[in-house]
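Only one chain is given next, in structure tokens, and it is the form predicted on its own.
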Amino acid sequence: MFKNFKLVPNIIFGRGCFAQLDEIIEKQREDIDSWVVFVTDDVFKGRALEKRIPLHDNDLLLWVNVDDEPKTGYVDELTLKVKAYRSTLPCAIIGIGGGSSMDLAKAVSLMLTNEGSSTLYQGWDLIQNPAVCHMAVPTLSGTGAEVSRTAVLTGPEKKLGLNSDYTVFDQVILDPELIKDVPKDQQFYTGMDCYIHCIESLEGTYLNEFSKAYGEKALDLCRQVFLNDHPDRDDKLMMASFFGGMSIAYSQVGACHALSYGLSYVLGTHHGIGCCITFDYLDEFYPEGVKEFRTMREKCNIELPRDLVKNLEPDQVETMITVALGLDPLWENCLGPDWKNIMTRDKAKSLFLKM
């Protein structure tokens, strides 16, 4: 069977297009009582962007903290806050921020229309009801969260996304001006998430011409940004993120993302830096990609954390392994249908102990 996946139906791209957000949202405000929730990274509190958010009298500005990776408990807490704010559902949820903020916006929009805790929906196609209309305004580029069908969450037992066609954003606002002041190291980590998406997709067993077309273009854009330091780097990185997300929509990521999920689940390591730490030890699987990644890292003068796993308790390492090996599609894309005979628990442990 071929995947019949959903695409983001509405996209606006261009420097300054954030100014059109109010006009875009207005189409969802059907009557005088309609209201909107802005799920916004609290790093922007008191900054210029806060004053530009088109907040109406009935709307809720929901500041979210993403110092930690998004957790199911936090999603449930935010959902209750939205439900308590007014008796009716909001007409739209707008996620403003990086991948974590966008994933929180996705998750809240889903949990407003699906009963119970978000832990019940960690997996593939478990969501039963369509979400509230939800839109994304990325202020970081690389994760592909703006185009993906998943909201990645860490739960009490696993790190796994709410993977569903209902998760896909209804509208994305891509304004390169919003990423111009991102700190160099943070831009590198999120940009490398995109780069690694492309390597895993292009070298995976699930590869097809659809994924290849998007992946090759995203990879080219990443090289222009991180090797050539192109003057239009913000525009290019924003499109690389979008294309990189599209590449894995019809294929899959691989070993790096699987292992980084285990690392993140136990240590709370943020996704972008977790992928970088992991990828640096995967020469065996992606030799040319790792070599080029190291060149980019050196050019950008980025030092990665080392020896994170060295002093962990044995049961913590075992938990990392269990989480990582629970992502069957990622390993099959990397190693093929016989992956369980290749990526054993001992093999995974040896990789983790290098980190």
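Since the structure is predicted, the reported quantities are computational estimates derived from the model, not experimental observations. From 1 onward, residues are counted along the sequence shown.
Keep in mind that the form predicted in complex with another copy of the chain is missing from the display, and what follows is about it.
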### Task
Flag this candidate site as yes only if C17, N208 and K212 all have a heavy atom within 4.5 Å of another copy of the chain in the predicted complex; otherwise mark no.
yes
### Task
Find the only residue in Y281, F285, Y250, Y166 having a heavy atom within 4.5 Å of another copy of the chain in the predicted complex.
Y250
## Note on the structure
Heavy atom within 4.5 Å of another copy of the chain in the predicted complex, from candidates Q171, T154, N114, Q186, belongs to Q171
### Query
How about M343: is it within 4.5 Å of another copy of the chain in the predicted complex, going by heavy atoms?
no
### Query
So in the predicted complex, does L221 come within 4.5 Å of another copy of the chain, heavy atom to heavy atom?
yes
### Message
in the predicted complex, is there a heavy atom of another copy of the chain that lies within 4.5 Å of any heavy atom of L335, even though the partner is absent here?
### Response
no
### Message
Can you tell me whether D125 touches another copy of the chain? I mean in the predicted complex, with a 4.5 angstroms heavy atom cut-off.
### Response
no
### Task
Heavy atoms, 4.5 Å, another copy of the chain in the predicted complex: which of 213-221, 115-123, 82-90, 186-194 makes the cut? Say which one.
213-221
### Query
Are there residues in 18-42 with a heavy atom within 4.5 Å of another copy of the chain in the predicted complex, and which are they, in order?
Q20, E23, I24
